[in-house]
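Have a look below at one chain only, the form predicted on its own, in structure tokens format.
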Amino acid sequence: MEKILKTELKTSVLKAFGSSGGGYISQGQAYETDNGRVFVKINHKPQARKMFEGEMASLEAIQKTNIVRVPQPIKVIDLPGGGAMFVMEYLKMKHLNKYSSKLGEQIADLHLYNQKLGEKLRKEGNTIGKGASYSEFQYVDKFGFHKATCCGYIAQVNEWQSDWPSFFIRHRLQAQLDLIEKDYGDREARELWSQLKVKIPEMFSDVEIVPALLHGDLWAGNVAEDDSGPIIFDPASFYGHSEFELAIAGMFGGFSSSFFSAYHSKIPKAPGFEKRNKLYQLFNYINHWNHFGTGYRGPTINVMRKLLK
């Protein structure tokens, strides 16, 4: 593996430092190279290249906004025995603390970026693009992304849709529940979903949704800081409803009240926010059920019931 890295990175020096790490999906290792320090994620699953290409495209999209810092993506490299590596800039990160409110402001600015771009283009009388591809200066008026991304190890379909409820129902909730059906055949989940599915569009009837570039998996394990400010990483980006981002951030702790206060000072809660937040939490509970098993069945069923009241 290190021989491949040396060749692909065109470096004579490749010296590991620090302890190896990573999450439940991929392993990671930092290296010294001729061109500075890099961090390498390694995954031996067949879908590793797809996962890493989606992450790389997400980092590039966020980086182009020049709003919130992310590691500079460098290269996705195939492993000869299957799987892939993803090389990115090494950042010396520590737990988010001092810059929590700053991150709240930056995430709000990230969510407003596309909207402000659209307003600027309309003011200047420029043509508005259809979101078929990402460019630095193109307004996106649909929901989706130009690349498939993965939430954990589960691939997400990001085909462009004209309206948010259709995208969210089809490509997020239905897609995850199809996996539950396949693996568990849970009758109660199936019946509750059939009742809930038809009620979801009305939850968005009084809110205007402009596609926002999202991190897509903004939980406490994917944010950090260094001496210069906040950092976000491990994204699964797409253009969606800005409120989607806040559900997982609020579910498992790790974000201080100052993060949410700073965020909502720029993007106030719209009418119906609390019910939609439960809907977005539902997605995360189903996703966790798929990843970690039936321990998350109870929370999934409970949220479905609450949403049907």
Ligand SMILES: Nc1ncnc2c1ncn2[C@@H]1O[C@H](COP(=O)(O)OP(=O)(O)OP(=O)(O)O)[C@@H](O)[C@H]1O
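Not measured: the values here are computed from a predicted model. Start at 1 with the first residue shown and count on from there.
Same protein, other form: the form predicted together with the named molecule, not shown, and the subject of what follows.
K.L.:
Looking at the named molecule in the predicted bound form, do all three of I25, E89 and F233 come within 4.5 Å of it through at least one heavy atom?
P.N.:
Each of the three qualifies.
K.L.:
How about M93 - does it come within 4.5 Å of the named molecule in the predicted bound form, if we only consider non-hydrogen atoms?
P.N.:
Although the named molecule is absent here, M93 would touch it in the predicted bound form, with heavy atoms inside 4.5 Å.
K.L.:
Can K41 be called a contact residue for the named molecule in the predicted bound form at 4.5 Å between heavy atoms?
P.N.:
Answer yes; at least one heavy atom of K41 falls within 4.5 Å of the named molecule in the predicted bound form.
K.L.:
Hey, in the predicted bound form, is P71 touching the named molecule, heavy atoms inside 4.5 Å?
P.N.:
It does: once the named molecule is placed as it appears in the predicted bound form, P71 has a heavy atom within 4.5 Å of it.
K.L.:
Spell out, yes or no, whether the shortest heavy atom distance between N222 and the named molecule in the predicted bound form is within 4.5 Å.
P.N.:
N222 belongs to the contact set for the named molecule.
K.L.:
Within 4.5 Å, heavy atoms only, one stretch in 255 to 263, 236 to 244, 33 to 41, 275 to 283 touches the named molecule in the predicted bound form. Which?
P.N.:
Careful reading of the contacts points to 33 to 41.
K.L.:
Residue by residue through 141 to 178, which ones have a non-hydrogen atom no more than 4.5 angstroms from the named molecule in the predicted bound form?
P.N.:
Sequence-ordered list is empty.
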